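Next up: a single chain in structure tokens, the form predicted on its own.
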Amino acid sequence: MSRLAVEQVTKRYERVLAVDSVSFVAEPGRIFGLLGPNGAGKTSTIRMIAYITVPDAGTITLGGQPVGPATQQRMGYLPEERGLYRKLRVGEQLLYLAQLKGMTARAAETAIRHWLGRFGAADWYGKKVEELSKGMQQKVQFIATVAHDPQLVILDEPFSGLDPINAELLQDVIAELRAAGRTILFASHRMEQVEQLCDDLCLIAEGRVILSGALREVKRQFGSNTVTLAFDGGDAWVDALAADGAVQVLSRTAGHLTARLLNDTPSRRVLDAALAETTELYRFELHEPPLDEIFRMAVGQSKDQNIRASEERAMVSNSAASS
């Protein structure tokens, strides 16, 4: 079993506290989403898991073993920044990287040709990386991540540069890895992908965990107070509801609306307004808020709490200085 456990991990760079007592567990056969705004500490945490850097405090284990050179052999890490040698040919580069992970040349070539075929890229073997598009390079880098059959797969923005067809193919492959019992750590800014793929998540802001748990449980915490409508006709009724404090518009395009109910507004009020003002109503759904809205709310609440804590510390300090 390759259970990844991050326990009370802290990392500081000079005066910057990048990771502050972060804890979470990623289980085999599940996809764990590691989320956060820019500068939240995600990359610092991933680098410690991959043993590129080490924590100042806390522990990280994979399958009960502290991370280190031995666990690196059991990991595959796809970083957000591409790290391929542009002048090397795809086959020789993938062979080199797979052998660094302990594979024999024969086993590595078999695995590489399998994965190139899986991505419809069998004829890339002899091409130089610089001849490939960004999306093609991303697929090569993904193959480098999984060719040695790692127990832990770390994916940082894996869909970067991929068109919708290849993004769907990669989603299928990630789902296959989950079904095969791999532990998958998935970091992304694209909340719709996280919502589609992840079983569990951890949201980090300013180096601290502010939200974690199974995706379904996290969404339930925020209640079913979001409505989505698809319709034909005018939408002036939306402005009237928003001006009255009944809803907060989350997304709005021609014939489509997603809004959060405010001030105990019943969903029936929105439905009645839509039925009265639209020419056709195709969809009306009351549901939990989308993950991107939960993300904004949770990060906003965290910032508000930090501001209040800072103000309270300042008041205590001023009071002590004046006494």
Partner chain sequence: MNKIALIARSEYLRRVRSKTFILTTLLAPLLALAVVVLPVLMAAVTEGDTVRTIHIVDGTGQVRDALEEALPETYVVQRRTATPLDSLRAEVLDGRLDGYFVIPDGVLEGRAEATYYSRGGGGLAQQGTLRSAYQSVVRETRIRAAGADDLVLALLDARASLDTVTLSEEGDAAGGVIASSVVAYVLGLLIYVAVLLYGVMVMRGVIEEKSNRIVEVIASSARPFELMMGKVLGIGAMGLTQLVAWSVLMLAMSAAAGPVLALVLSPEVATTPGVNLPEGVDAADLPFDPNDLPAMLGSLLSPGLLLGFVGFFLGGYLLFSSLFAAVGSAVDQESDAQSLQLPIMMPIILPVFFLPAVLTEPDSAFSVFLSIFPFSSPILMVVRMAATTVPAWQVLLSFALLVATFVGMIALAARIYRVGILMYGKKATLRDLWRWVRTA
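Positions refer to the first chain, counted from 1. Not measured: the values here are computed from a predicted model.
Below, we turn to the form predicted together with its partner chain, even though it does not appear here.
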> Are any of the heavy atoms in Gly213 no more than 4.5 Å from a heavy atom of its partner chain in the model of the complex?
Replying inline: no
> Would Gln138 sit within 4.5 Å of its partner chain in the model of the complex, counting heavy atoms only?
Replying inline: no
>> Can you tell me if Thr53 lies within 4.5 angstroms of its partner chain in the model of the complex, counting non-hydrogen atoms only?
In response: yes
>> Please tell me whether any heavy atom belonging to Asp239 falls inside 4.5 Å of a heavy atom of its partner chain, as the geometry stands in the model of the complex.
In response: no
> Ok, Phe186, Trp115, Phe159, Tyr77: which has a heavy atom sitting within 4.5 Å of its partner chain in the model of the complex?
Replying inline: Tyr77
> Pick from Leu169, Ala175, Leu84, Leu132: which has a non-hydrogen atom within 4.5 Å of its partner chain in the model of the complex?
Replying inline: Leu84
> Any idea which of 39-47, 288-296, 264-272, 250-258 reaches within 4.5 Å of its partner chain in the model of the complex, heavy atoms considered?
Replying inline: 39-47
> Taking Asn225, Val227 and Ala230 as the candidate spot, are all three within 4.5 angstroms of its partner chain in the model of the complex by heavy atoms?
Replying inline: no
> Does anything in 99-117 come within 4.5 Å of its partner chain in the model of the complex by heavy atoms, and if so which residues, in order?
Replying inline: Gln99, Leu100, Lys101
